[in-house]
Structure formats: C-alpha cells, structure tokens
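First comes one chain, alone, set out as structure tokens in the form predicted on its own.
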C-alpha cells in the first residue's frame, strides 16, 4: 500500500472528496476543485532521494516508467494500481535550447519545451492519461460509467479518443463545426469516438457537455476536471529535471481555457514543496487579441472575468471566450509574479514562422507565446539577460493549412515576413542555376 495519498479539495474552502467520486465542483459553494496531495508524506523522502528515483526510472523500459507522467506517479495519482494505468508513453518531451533564435530575438538563453512531440501531437496527452487511468480504475471497481465526454477545440478530443480507445472505454466529443483543422477533426474519428460537430463555438460545446454529463453516467473530461491538471503539471517537473533542477527566469505559455496555466504553477509548487528547486520562475500567459478574456481581466486587476464572444483566430485551440479554469489561472499569475499579454494575428503568424527558420515546426498557439516574448523583450519587460522557456503546446503538423497559407501569402490581412516560395522551373540547368545563385546570394545577407 502506498504511503502517499491524494484527494479532491475545494480551491476556496476546506471540503474534500475522494478521487473515485464523480465530482467536478464543490458541493458547498460550486467552486472548482484541485487534487491535494499529502505533502507531509512526500516530504518523508529527501530531495536527493526524489531526484535519484526519477533518474532511475528514466533508464527503465517499463512503459509506466518511460512515461514522463507516470515516472512521477507519487505526485500524480499515488494510489492507483499499476495495472489500471493507461499510458501511451507520453511526456519526456524535448527541451531544446535555441541559441540562434535567442540571438535573433536579443535574449541570453531560450528554450522550447516541445510538448506537442507526443502521441496525438499535443500536451493534452499528459492530462488525459491521468483522467482515463482513473476512470479505468473506477470502472474496474464497479463504477457505472458508460463513456467519457469532452468539449474540444481539437487537441483535447484527439487525446481523449486515443486513451479511451486503448482502455476500451467509449468516448464522445463535441467540436465547434468548421473551427478546427482537418488533422484535429480526423483524430477522434479514426479512434472511434462518437463525434458531434455543433454549430457553435467552444463555449457552446462546453455548455452542452456539462449537460450531457450531469447524471454521472458519462464522465466529464474537460480541464475543469482537476485530474487533467495532475498530468499537465508534469511539464514543470520535466523542465526541472532536464535543467538539473535549475529553473528558467521566465516561462511563457499560450492560454485558452487556462487549465495548462494553473497546471504549470501547480507543478512548480510541488517541486518547491519537496525541495527539488529553490526559486519560482515568472509565469507569463499569452493570448491572441481575438480571444483575450484573461488578458482583459488582467488589465482590470483581475476584478472579474467578463466572458466574451471569441473571434476567429488562427490559434483555433485557444479561441475561447469563457475559460473554465479562470480562478486557478488568476492564482497562478499572482503567485508567480506573472503577466498576461495579447498579440495580433500577424504577430503570432510571423513569430511562429520565424521560429521555423531555426529548425522548429511551430503551431500557431506556440506562435502566440513567441510573439509575446518578442513584444516583452522589445518593451523591456523581459530583460535580455534572462533565461526564458516557451511551452510549445502542439505539433505544427496538426496545422498544415496554416503553414501552407502563410507561405502562399494567402492569410487575410497578414504580411508574411518569413514566407518561403516554391520555385517552379523547367528542367534546364541554366534556369535552375539562375534561381540557385540568386537565392543563395540573397540568403547570405
């Protein structure tokens, strides 16, 4: 039996609930819940013992240990049986230092945490392995759960579909019709989900899925379910481990429904609580101006969230006007000396494709974070001597239409500063050499 334990706890009160209870909000005041760990028990191991344990699992071939999430299982779901864990060996994604991009931006050191290098191509796998594993465990113990459902702007549905397919649990996804990429749409279809495309936006889908899951026979998988946060927070633990437990000065993350923001802070909270790190990084949230309710609330001193109708944006996964995890995200920004920044469609597009010129293949949401970085360096809000990490939330391959349109210069009202044309020419050496000489000379400057 594990010496470690965890439970649901009201973020604004003292009421608690077991993790195998189907509950998403407090029964007392309807506040969001979080997973609370017994940190006194966790502190029974020294920081060096934790580091040694995590390092030893990194060398293992056991699928549970090769998962970046489950290799930290004592800090995630400490009481789950290993046989009930549903993993696709997610996590342990690369943390890449880019000296050339840092120099281009005018920064001392820049890291890209490539969280999209995962089974379904986004960081959502980290949270979904935890949620589906817990549901699988509950079903094995007799819980009458018939299916798991989510509202999604694309990536959540892909992750839910894949993990439920592996577990043999039916999945249901609600998507805003015409507002996600083809690559995102086909993933849950391929994995056998019941897919419903609704003539609304994400917030409308979110309203429907809460009604569908109200009787508890269908389990809710959106980030208001705090089990998701427990997986997503391991991004922070990985960054610490990858940098030998020295944290960057600043971390920038794109924000939509804001579960990832609170997860990032919670992961660093855990690292601080058990002595793995000694200081907090600053956390900055980047939003697109087309869907910036969190930025607008930040400008008002977080006096309240005013939901809005999110406008169409190239960063479709964060086209959200009423973020469910707003209260947790506010706390994260306040606890981590943070900022919230909004960027334009042109800024995010050019920032994404500038990064591509240095070896990345950047999704539009990561472009939002990179554009925020450029603005903050230029304004002096990020010092040029800082070490910064960007959380890349999805793989660029999921947004091929965005990439093609950018390089074809067909994105409306956007000047593609880094467009790279294809040269069509007859198969004649003179013609080929003319193009090569011209282009090679141009690219030397």
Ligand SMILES: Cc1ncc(COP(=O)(O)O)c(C=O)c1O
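Positions refer to the first chain, counted from 1. Please read all numbers here as calculations on a predicted model, not as lab measurements.
Unshown form predicted in complex with the ligand; subsequent notes refer to it.
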Handout entry: Residue contact check: residue 394 to the ligand in the predicted bound form, 4.5 Å heavy atom
Key = yes
Exercise for the section: Although the ligand is absent from this view, report whether residue 256 comes within 4.5 Å of it in the predicted bound form, heavy atoms only. Expected result: yes
Practice task
Classify residue 260 as contacting or not contacting the ligand in the predicted bound form by the rule of any non-hydrogen atom within 4.5 angstroms, answering yes or no.
Solution key: yes
Problem - 4.5 angstroms heavy atom contact with the ligand in the predicted bound form for residue 124 - result: yes
Problem - Listed range touching the ligand, judged in the predicted bound form by heavy atoms within 4.5 Å, from 311 to 319, 335 to 343, 98 to 106, 162 to 170 - result: 311 to 319
Problem - Option touching the ligand, based on a heavy atom within 4.5 Å in the predicted bound form, out of 362, 250, 153, 349 - result: 153
